[in-house]
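In the block that follows, a single chain appears as structure tokens, in the form predicted alone.
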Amino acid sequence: MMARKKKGLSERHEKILSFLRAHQKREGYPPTIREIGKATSISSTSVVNYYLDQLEKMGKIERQRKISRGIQLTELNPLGEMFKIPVAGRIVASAPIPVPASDFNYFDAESSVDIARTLLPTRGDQDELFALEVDGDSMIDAMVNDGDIVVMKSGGEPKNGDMVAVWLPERDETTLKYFYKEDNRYRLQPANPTMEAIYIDKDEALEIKGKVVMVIRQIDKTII
């Protein structure tokens, strides 16, 4: 009787692990599920999750499912100490509305979230990081839901397609949207097919308060 072959790493497992190593080395933080799928030619996030679950059972990775980049290779350093990020306020993910409903000083000075240092971007100063609570559902197709916490990095010039916290000082409004610079205007694009893009003329003041680098789920669901 032929012995059954012991189950081990498949080609897809190896591809995912190789990409995890390369991304961590290049960027200094883990990739999202969508980035893993794109790099390994897997179109379904459910299939990526299936292979990640297997790798976790094999002891190859550790996962924090309430964090968008919560994948850690066990061959690397353990998660280590936690880093405290201040929750600076609330950001609207719908049509922009006036502050203080979207006030960046909504929370008291003691409000913060704890994140493992190894899950945070390592480039630049970690003092530039802050967190905001999401209010609204305009970014639901980006898996950012009402009540989630977005970790932001301040400073730097935004690139087209970055998810950013925008302040419109002339309107005294804030909003969370994808940012695009067009010929003579800015486009603030929601990730919700039921909502329209917001267009801002370039002669109107616009300030980027920060770029989203991580999403912390408030309920247990698939992380991308």
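Numbering starts at 1 and follows the sequence shown. Since the model is a prediction, treat every value here as computed from it, not as a measurement.
Omitted from view is the form predicted together with the DNA, to which the following refers.
Trainee: Taking the shortest heavy atom distance, is S44 within 4.5 Å of the DNA in the predicted bound form?
Mentor: Because a heavy atom of S44 falls inside 4.5 Å of the DNA in the predicted bound form, the answer is yes.
Trainee: Should T174 be classed as touching the DNA in the predicted bound form when contacts are defined as heavy atoms within 4.5 Å?
Mentor: So T174 does not count as contacting the DNA.
Trainee: Quick one: is Y50 in contact with the DNA in the predicted bound form, heavy atoms, 4.5 Å cut-off?
Mentor: Y50 belongs to the contact set for the DNA.
Trainee: Since only the chain is shown here, I'm wondering whether R185 would be in contact with the DNA in the predicted bound form (any heavy atom pair within 4.5 Å).
Mentor: Taking the distances in the predicted bound form, the answer for R185 is no, it never comes within 4.5 Å of the DNA.
Trainee: Let me test this: is every residue among I33, R65 and R69 within 4.5 Å of the DNA in the predicted bound form, going by heavy atom positions?
Mentor: Answer is yes for this spot.
Trainee: With the DNA left out here, work out from 193 to 201, 177 to 185, 161 to 169, 51 to 59 which stretch has heavy atoms within 4.5 Å of it in the predicted bound form.
Mentor: Looking at the partner contacts, the answer comes out as 51 to 59.
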